[in-house]
Structures are given as C-alpha cells and as structure tokens.
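In structure tokens, the next block holds one chain alone, the form predicted alone.
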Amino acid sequence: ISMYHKEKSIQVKNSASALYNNLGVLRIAPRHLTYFTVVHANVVNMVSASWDGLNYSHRQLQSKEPNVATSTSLIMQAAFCPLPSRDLLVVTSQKGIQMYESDGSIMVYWHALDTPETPTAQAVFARGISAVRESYICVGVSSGAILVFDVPIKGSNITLSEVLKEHKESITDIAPECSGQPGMECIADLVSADDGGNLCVWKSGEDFQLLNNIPGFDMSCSSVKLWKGTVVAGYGTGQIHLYEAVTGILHAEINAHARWIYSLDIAPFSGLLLSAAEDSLVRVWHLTMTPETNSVEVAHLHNECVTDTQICGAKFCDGDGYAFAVTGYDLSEIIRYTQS
C-alpha cells in the first residue's frame, strides 16, 4: 500500500535555488494556515496556504540592507524560528541576517556580517538557523562561528549575546532538540554541523556549553536534526548517520541515497524521518528508540520519486508527519504529499 499520495502542488513565483534545506514550513493552527518559504537567488518567495486549499497569498522578500537602495545579495537560507512567545522568519545572505515577523510583513532586526576590507578567496555568508529554548536564535557563519541572538518577548530589541567559536569550517545547518515532550529535560538541546562534516552538541543557556564534538570525515554534513538525544546527520555521500548526542556513539549508518543529501526533517511526535537528495528521491523512515538497550532502530517506510529533479528542500507539514512538502532545483512549485 502506498503510504502517501500526491496532493495539488502550490505554485511559487520563482523556482527554487539549489541550496541545502531550501524549504521553510510554519503551521499557524489557530488560523488554519501554513506558511511556506522558498529561496530563489536574492528573493524569498513566501506563500500562505489555507488548509482547505482555497486561499493562497504570495509575498516576496528581498535581501536588502537597510537604507541601501540597490545592493541585493544572494540569499543562503530562509527558516522559521518558533519561540514560545513569538515566531520569526530568519533570512541569511552574503551581507547579513534579517529577522522578520513570521508573515514577512515587518523586518524587526538586521545584523550585518563582518566583510573583509580586501576581497578574500573565502566567501562570506550566514547559513544554518535555529531557534532554541525560550528566547535564543542561533545563526551560523561561513567562518565557522555561531552567533547567538537573544530575542525579547516582543519588539525589536534583539541582541547578539554570544559568539560560539568551535567549528573551523562553514556552518551548514543547526537544529534544536525537537522531541518537545513536556518534562523531558534533554541534556543536549542544540546540534550544529559544518562543511567538513563535524558536529557540535550544545547545551544552551546564559552561556552555551559545548557537550560534545563528533568529528567528521571530510564530507559535508548538509542537514542535521536532534531528536530524543539522538543526532541524525545527512551527508554529501548520501549516507545518514545516527549518533548518541552526548557520547558520540554511532547508533546506525544508512546508505539512504545515491547522491548528495540536501534535506532531513523529523516529525517529533511520530519519529518519522524524511530524507531528500539530488537523486530525485524523498524517503520516509521510522525511528524507534529503545532506552533500555540504548539503541535506535531505523525502518524504511516509503519512497517518492520526483523525476529528473534535484531535490533541495523537504519538510513535514505537521508534528506527526501526516503530510510533507518538497522543493526541487528549478521547479516553481511546492509539491505536497499526504498520508493515504
């Protein structure tokens, strides 16, 4: 039995750029809406879609520096950052970091990146975006640093509270502990990945603590997740590795794709894992934790092939993994699948 079936696609104004994790999804349950974002060159395409499929509204965000008329720069990532008090949309580019209200209506904060006076061989950009705990948003930089921003309950008085300098290579992705189980106090609550495949596991707070450094093997880790104390990392080899976050013990190694993985996602309530790659495949897996034996089982559940498409974004649309959405390089649509 096919577990998911294809729904009507959502059209977007421009096609998706070939960037890691190039899809943002935010569910606005009280309003029966979902926001989607897809990056194209120097524009973020936003679509607000009503759950009944009848209403779609579109908005485009430019990567502009405040008070500079002409300069736009290539956008590296757009991601929603849900915090307990407010949701923000964070956009990173070669010039800086923009934070918007989640509907894209108002830019509340701009942080310029330090660009070298003389051009260097090393490109400067920000990439890797994650909300963590009550009030932090972490953003990675091409130098390997991670900027930690403290976000107030409302207003635009966002401050840079800490810079984490552990990675030596460009940050690719950052993710929070997503199990979201009340009362389940996880030791580790953040993981970061870089272009050399190195992973850092953090405990956030007034001062972020490095809990563990899981060395890479000179292959980029393009997408990373943290669920119930397990790090799930996708690589340019097409492999997925599952590590115990705090000890770095390798639980599992999956030859998931034939080509470069671009995106991973986890449905925290069901333990479903989504992986998407350049090989046109989106796969759904199921993770099962057995705390007694400290082991993780992985079962392959479902495949979708988006023919002749290099997939660059894939995200579940809800916490149970009932539906997911996919973007592909040069496609001007968001393809959606729902459980049958």
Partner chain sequence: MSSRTLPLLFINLGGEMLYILDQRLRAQNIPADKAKKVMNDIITTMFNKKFLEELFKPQELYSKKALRTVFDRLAHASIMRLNQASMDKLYDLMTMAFKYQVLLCPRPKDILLISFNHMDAIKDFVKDTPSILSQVDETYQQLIEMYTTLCSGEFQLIRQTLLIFFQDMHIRVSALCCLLLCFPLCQVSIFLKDKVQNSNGRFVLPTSGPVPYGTQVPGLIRMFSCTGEEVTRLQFNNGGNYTAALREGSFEIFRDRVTKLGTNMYSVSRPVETHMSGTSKNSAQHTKVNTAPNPLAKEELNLLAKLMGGLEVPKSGNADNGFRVNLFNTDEEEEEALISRPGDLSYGVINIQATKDQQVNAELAKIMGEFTESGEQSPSSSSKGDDLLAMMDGL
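This one's a predicted model, so the numbers in the text were calculated from it and none came from an experiment. Residue numbers count along the first chain shown, from 1.
What comes next is about the form predicted together with the partner chain, which does not appear here.
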Considering non-hydrogen atoms and a 4.5 Å limit, which listed residue (Leu160, Ile153, Leu210, Met219) is close to the partner chain in the predicted bound form?
Met219
Check each of Met289, Val43, Val47, Ile28 and return the one that places a heavy atom within 4.5 angstroms of the partner chain in the predicted bound form.
Val43
Give a yes or no for Asp52: in the predicted bound form, does one of its heavy atoms lie within 4.5 Å of a heavy atom belonging to the partner chain?
no
Would you classify Glu169 as touching the partner chain in the predicted bound form, given a 4.5 Å non-hydrogen atom cut-off?
yes
Indicate whether the partner chain has at least one heavy atom within 4.5 Å of a heavy atom of Tyr329 in the predicted bound form.
yes
Evaluate His58 for contact with the partner chain in the predicted bound form, applying a 4.5 angstroms cut-off between non-hydrogen atoms, and reply yes or no.
no
Using a 4.5 Å heavy atom cut-off, which of 202 to 210, 254 to 262, 131 to 139, 106 to 114 contacts the partner chain in the predicted bound form?
254 to 262
Verify the flagged residues Thr34, Ser85 and Tyr100 against the partner chain in the predicted bound form: is each one within 4.5 Å by a non-hydrogen atom?
no
Within 273 to 291, the residues that have a heavy atom no more than 4.5 Å from the partner chain in the predicted bound form:
Glu278, Asp279, Ser280, Leu281, Arg283, Trp285
